[in-house]
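As structure tokens, one chain now follows by itself in the form predicted alone.
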Amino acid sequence: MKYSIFIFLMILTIGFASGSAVAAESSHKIPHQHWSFDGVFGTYDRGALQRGFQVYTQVCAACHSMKHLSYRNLSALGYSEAEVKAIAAQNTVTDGPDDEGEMFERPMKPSDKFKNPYENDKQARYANNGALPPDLSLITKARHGGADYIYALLTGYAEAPEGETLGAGQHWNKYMPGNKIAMAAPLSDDMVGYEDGTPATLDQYARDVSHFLTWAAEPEMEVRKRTGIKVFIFLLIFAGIMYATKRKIWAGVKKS
């Protein structure tokens, strides 16, 4: 009896593993994109960051939260203090109680976290046919491929192949594991108008918002890279000094 249960569990495990492998294989390989932040000397493009924030605000923020970011963090994108205050004040938050013990609505401040589009997860699921939109604060860290994955997902929507059946509220995406995704294609050409004259295309939107989300997940990246370079240079110089010191100390010692 024990051996029968063991064999049954093994069959289930193999079955689940095979199913996962098939689901993973059904997705296209995520192509690598070239980003300004790639490599040891890579940095964020402030223009791309501001455009990506604009795409997030006008499109993504309707469903996706960014609970780990405060409006004051936007100063790193090149916005002035006055601009950050104006961006935050476009939203309101319930605060209080006041002197009379009542809650009240006030414009948001730079110190406030980004406004959440939903009051709670149940409300979010109800508004999205049962699917819970993920928070985007750390999404490029949470998904294998990072910015490449986000860009591929946003540009990978297509008609389902012949023989594939989509459930209610499902859509076909070449780069989604399993290919079926609850989120409809969020971007299309000419959705967001860029003031700097950058082409308003799906490809550009996807690239800019992927850039912004990478910064959101790792705002300290540039400082980390600069620190790493300084440490490397210091160690290189220190090694040279130590080698020269060793040569000087042992210069008068003859080899036996």
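Numbering starts at 1 and runs along the sequence shown. Fair warning: this is a prediction, and the values are worked out from it, not measured in the lab.
The protein also exists as the form predicted together with heme C (HEC); that form is not presented, and the subsequent description refers to it.
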| query | finding |
| --- | --- |
| Per-stretch contact check against heme C (HEC) in the predicted bound form, the hit in 74-82, 159-167, 103-111, 125-133 (non-hydrogen atom, 4.5 angstroms) | 125-133 |
| Distance check, R143 to heme C (HEC) in the predicted bound form, heavy atom within 4.5 Å | yes |
| M183 within 4.5 Å of heme C (HEC) in the predicted bound form, heavy atoms | yes |
| Heme C (HEC) contact at R207 in the predicted bound form, heavy atom, 4.5 Å | no |
| Touches heme C (HEC) in the predicted bound form: M66 (any heavy atom, 4.5 Å) | no |
| Residues from 145-172 in contact with heme C (HEC) (non-hydrogen atom within 4.5 Å) in the predicted bound form | Y149, I150, L153, L154 |
